[in-house]
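Listed next as structure tokens is one chain, alone, in the form predicted alone.
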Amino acid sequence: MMTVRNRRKMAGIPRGVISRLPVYYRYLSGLSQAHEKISSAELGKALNMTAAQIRSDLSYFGSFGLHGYGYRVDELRQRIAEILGLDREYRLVLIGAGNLGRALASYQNFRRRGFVISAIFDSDPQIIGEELGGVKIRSIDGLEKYLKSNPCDIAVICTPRDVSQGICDRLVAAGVKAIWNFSPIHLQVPDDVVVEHIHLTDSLLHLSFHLRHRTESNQS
């Protein structure tokens, strides 16, 4: 269980640092076994960051590597995995079995990382009872009953805008403390519930912004 002191320590870590940890982990996981060590300069060059940025990020979590040697790849990858909480399995419930929900349920890499979708819920009677990624789609009417007997770690919301907040409220009332939100609204939750908002169109808007301004810069 996380102590008050540890919660305060984690609360002081900038969101940017936390967002870069999965990038480090993904890159290190892709290196071959023959790649035994790596320096902060090499890691920074590969990820378009500075060595100082990487050392600063890692310093929030303790001492890493040896001066003049760098980091042992396997040890750094394992330490980051532990920081990210990847040393355990997480139970997920998915609400919304539309196109996006189906894509997420079919993505096998989640299970390999320890994120297991244990139940899927939807309101469409035509698809209730179907199997998706080996998991039966259940009626949303049974959400609370299921969670009472099968507590989950993370709920994934892939529902339309007009029902997402209501679904969120039901999940919170049922004791869910972490929500992965793919719906197009910003959910309101109590302070003790963590929400990660994933707005897919935002990435496209970022790209369109850069394309437009790069074009204008080239024309000037």
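Predicted model only: the values in this text are computed from it and were never measured. The numbering used is simple: start at 1 and walk along the sequence shown.
Below, we refer to the form predicted together with another copy of the chain, which is not included among the displayed structures.
Another copy of the chain is not drawn, but in the predicted bound form it has no heavy atom within 4.5 Å of Tyr146. Of the heavy atoms in Pro151, none are within 4.5 Å of another copy of the chain in the predicted bound form. Residue contact check for Arg26: one or more of its heavy atoms lie within 4.5 Å of another copy of the chain in the predicted bound form.
Although the partner is absent here, Ile128 is not a contact residue: none of its heavy atoms lies within 4.5 angstroms of another copy of the chain in the predicted bound form. Here the chain stands alone, but in the predicted bound form its contact with another copy of the chain, taken as any heavy atom within 4.5 Å, falls in 95-103 among 95-103, 119-127, 132-140, 70-78. Annotation for 161-189: interface residues with another copy of the chain in the predicted bound form are Arg161, Lys177, Ala178, Ile179, Trp180, Phe182, Pro184, Ile185, His186, Gln188, Val189 [heavy atom within 4.5 Å].
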